[in-house]
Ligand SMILES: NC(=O)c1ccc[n+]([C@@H]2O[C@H](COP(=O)([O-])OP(=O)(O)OC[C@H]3O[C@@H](n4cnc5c(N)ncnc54)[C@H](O)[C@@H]3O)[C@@H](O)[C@H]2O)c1
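Given next, in C-alpha cells, is a single chain: the form predicted on its own.
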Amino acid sequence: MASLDSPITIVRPHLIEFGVGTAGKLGKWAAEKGYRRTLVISDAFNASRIDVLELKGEVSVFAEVTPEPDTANLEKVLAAANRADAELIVGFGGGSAMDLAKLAAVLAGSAQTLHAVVGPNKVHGPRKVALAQVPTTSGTGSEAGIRALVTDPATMAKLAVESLHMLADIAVIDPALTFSVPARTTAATGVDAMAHCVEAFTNRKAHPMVDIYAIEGTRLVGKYLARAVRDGNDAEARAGLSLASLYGGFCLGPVNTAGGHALAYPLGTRWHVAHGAANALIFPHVLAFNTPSAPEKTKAVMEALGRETSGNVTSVFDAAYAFCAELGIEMKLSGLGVPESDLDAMADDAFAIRRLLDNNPRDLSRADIRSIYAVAF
C-alpha cells in the first residue's frame, strides 16, 4: 500500500452538481455553453423522463442501452451518435449508459476503433464533443471516472478503456432520480458502490488521499443502504447512497478495484447477472479472503458498516455475508441460475483479469478463485 509521499494523480469532472432537484441544471449549463444539438444515451425507462434534464434545442435520444452492454450495443450507439452530429453527449442512466456515453464521445466520428483504444491512455484527443453524465442509480460511480467497459461476446471478457479524454465536463447527481429504483436493485447497486470503496481501501495501490473517500463511502452505505431499501422515497438515505457512489467513482481512477470485481465479472459476461448483484454475492468471500493481508483496514471496513467482528476470517465472512443477506440479496450462485458445471470456466476467466487481480492485497490463485466459487455456489 502506498505511503503518504507516494505520487498519485486525482481527476474529477470539471463541474459537479449534487442534490435533490438538481437534474434541470444540466439544461441550464448546456444552454449557457451554447450547445444546440444533444444526444442522450439511455435505457428505455430513463429515456421516458428526459424532460427532467430541461435540455433545449435539438435533442436526439438513443434508448436501447442494455444491461452489461456488449460491442453490438456500442455499435448501435456509435451509429446514433454519427447520425445526431451532437455537440453534447449525455449519459443518462446507470453505469451502462454512462460508459457507452464516454465511448461515444471519443469514438464517434473518429478513425479509432474500440479495439484500438482498449487499455490505458490509447484514445487520441482532444475530444470533439462535450460530455455530461447523469446517474439514475447509486452504484457504479461512472459519472466521476475515466474508464468504460463493454463485453466482447466472442471471448466473454470485459474490454476496458481508460482515458482522461472520457472525463465528463459536468456530472449532475440528483438523488431524486433514484427514488424509483426497486428495493432489490437498490441493495445490489449500493453494495457495488461499497465494493468500489472497500476494494480501493484494501488495495495494493491504496493511497491516503483516496482512503478518505473510500472509508467515508463505506460508512455512508453502512448508514443509509438498509434505510433506502426499506423506503425508496427516503431522500436523505438516497442522497447518502448517491454520495457513496460518487466517492466510489473517485476511488476508481487512481486506485481501481481488485479481486472482488475480478471474480464478479464472469457472472455478468457469461450469465448476464447484473453487475451490482454479482459484486454483492462475491463481496464477503473476497473481503474475508483478504483479511490476513489487510487486518487493520478490514476492521475499519466492518466498523464503518456497523458490524463487530473478532478479526478472523470466519468472523469477517459471517458479518459481511449477513450485511448483504439482510438486504434481501441473493447470495448463492445457484440461486442466480449459474450452473455448477461452469465454475471452472468462470475461474479461468477471473484468473485472467490481471489488471484487477494484481491490485489485490493477497494473491488469488486460480485454485483460490475456484474454491470461492464453490463455496458461493
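Counting begins at 1, following the sequence as shown. The structure presented is a predicted model; accordingly, all values stated were derived computationally and were not measured.
Note that the form predicted together with the ligand isn't included here; everything after this is about it.
For the marked spot (H285, N360 and R370), a heavy atom within 4.5 Å of the ligand in the predicted complex is absent from each of the three residues. This chain is drawn without the ligand; in the predicted complex, the residue among T298, N203, T137, T218 with a heavy atom within 4.5 Å of it is T137. Of the listed positions (A237, L131, A264, L252), a single one reaches within 4.5 angstroms of the ligand by any non-hydrogen atom in the predicted complex, namely L252. Of the heavy atoms in N46, some are within 4.5 Å of the ligand in the predicted complex. For G95, a non-hydrogen atom is located within 4.5 Å of the ligand in the predicted complex, even though that partner is not displayed. Of the heavy atoms in D192, some are within 4.5 Å of the ligand in the predicted complex.
Taking non-hydrogen atoms only, S142 approaches the ligand to within 4.5 angstroms in the predicted complex. Residues within 4.5 angstroms of the ligand in the predicted complex, judged by any non-hydrogen atom, belong to 178-186 and to none of the other stretches in 178-186, 83-91, 229-237, 120-128.
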